[in-house]
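Below you will find one chain, with nothing else, as structure tokens; this is the form predicted on its own, and questions on how it binds or moves follow later.
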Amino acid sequence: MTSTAARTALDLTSDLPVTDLEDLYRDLHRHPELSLREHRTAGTLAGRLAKAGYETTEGVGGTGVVGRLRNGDGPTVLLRADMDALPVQEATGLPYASRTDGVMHACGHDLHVTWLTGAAAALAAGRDTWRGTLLVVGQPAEETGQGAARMVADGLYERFGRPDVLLGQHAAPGPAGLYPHAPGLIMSASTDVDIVVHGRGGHGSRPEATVDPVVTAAYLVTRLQTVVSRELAAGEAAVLTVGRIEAGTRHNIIPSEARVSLNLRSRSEEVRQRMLAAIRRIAHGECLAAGCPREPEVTVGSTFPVTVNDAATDTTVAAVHGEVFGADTVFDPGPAMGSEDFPELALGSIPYSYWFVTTTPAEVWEQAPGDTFPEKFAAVPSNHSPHFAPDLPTIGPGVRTLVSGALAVLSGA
């Protein structure tokens, strides 16, 4: 028997303004904005929320947007979408490709805002079917790990009320039409680390008179690959990526310093600390071996927490998604190595459910090399790729996931 939440969600989303939402998505995609610069995006979302009947506030935590709809006694449910884009040059060739050079919605946040807008309007129009309060949040700066914490620090809950449940979702690669859930750990922690190697610069023709930081940085990059492969147990899940190396200005100048930027992924604080200790030890060791005039600088930067769903909440939301879309569309993929700052909104105690919506167009999936799911999954454009292009027909289902998830938590009328 289908639950009331599922039946109501299907009813409230049976006549979505899909054409309008597709136009909104194309507009957001054409005009991407980097973290904490999402002024146009925030204004567009705020205007849509106000039109739907929400008490709307802009500028929360910088460029965040909050819409509140109070509808009698009942739980308070927060629906969140992140708004920022990435410093990526788009290569999709889409007719609605980014018009901002070097900036692209390569992670689907434009789709998230579109989903949130559609869900907020549908729930407002159907307010006679539920009781409680909706907090609709457009969050800035997810990509830099700043946005959620900034909104909380700016009095998000003191000003608009503390929610009983948080709900969020993310576009992901995979054949469109799947809704992966995990009733526990679903995303890993992330930590950025910057290393400065100090050498002694000079002329490229006289390396013997210098201490070359480029060579030391190269040894450092190679040695760092052993942190995961040789210092962590085989059963531990972790990733260490060197994302940037910078040094020098000319072909024939040996620079005085080199910079190496790392990103770590881990699923426990213990593993994270072991990785950081190994990085510091290796950096100091390589610089000592090279005779560097100064010890290296190792700085820990942005850190994202692990994302751990509340089992009861996620089971409830996953169940209604199974009813709405079919039981075979909902499955537990196991924890991903990606990271999110969404848990910062939970303050360590508010239960939440966070899930994925697969968005790869059918023809792209079918044409991808490989015969198995993992082979195709590895071949299709992923988040942060300059070729990432979600399927437009996922707009309706993405609205429906949020509406049905909210109704599974809100009180019936």
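Model, not experiment: these values are computed from the prediction. All residue numbers are counted from 1 along the displayed sequence.
The form predicted together with a further copy of the same chain exists for this protein as well; it is not shown, and the discussion that follows is about that form.
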- prompt: Considering a further copy of the same chain in the predicted bound form, which of 231, 164, 332, 297 comes within 4.5 Å of it through any heavy atom?
  reply: 231
- prompt: Using a 4.5 Å cut on heavy atoms, which of 96, 325, 219, 157 is close to a further copy of the same chain in the predicted bound form?
  reply: 219
- prompt: How about residue 238: is it within 4.5 Å of a further copy of the same chain in the predicted bound form, going by heavy atoms?
  reply: yes
message: My question is simply whether residue 87 lines the interface with a further copy of the same chain in the predicted bound form - judged by any non-hydrogen atom within 4.5 Å.
response: yes
query: Is residue 126 a contact residue for a further copy of the same chain in the predicted bound form, using a 4.5 Å heavy atom cut-off?
result: no
message: Is it the case that residue 319, even though its partner is missing from this view, gets within 4.5 Å of a further copy of the same chain in the predicted bound form, heavy atoms only?
response: no
query: Just one of 59 to 67, 375 to 383, 42 to 50, 345 to 353 has heavy atoms within 4.5 Å of a further copy of the same chain in the predicted bound form; which?
result: 375 to 383
- prompt: Considering only 194 to 223, what residues come within 4.5 Å of a further copy of the same chain in the predicted bound form, judged by heavy atoms?
  reply: 194, 201, 202, 203, 204, 205, 206, 207, 208, 209, 212, 214, 215, 216, 218, 219, 221, 222, 223
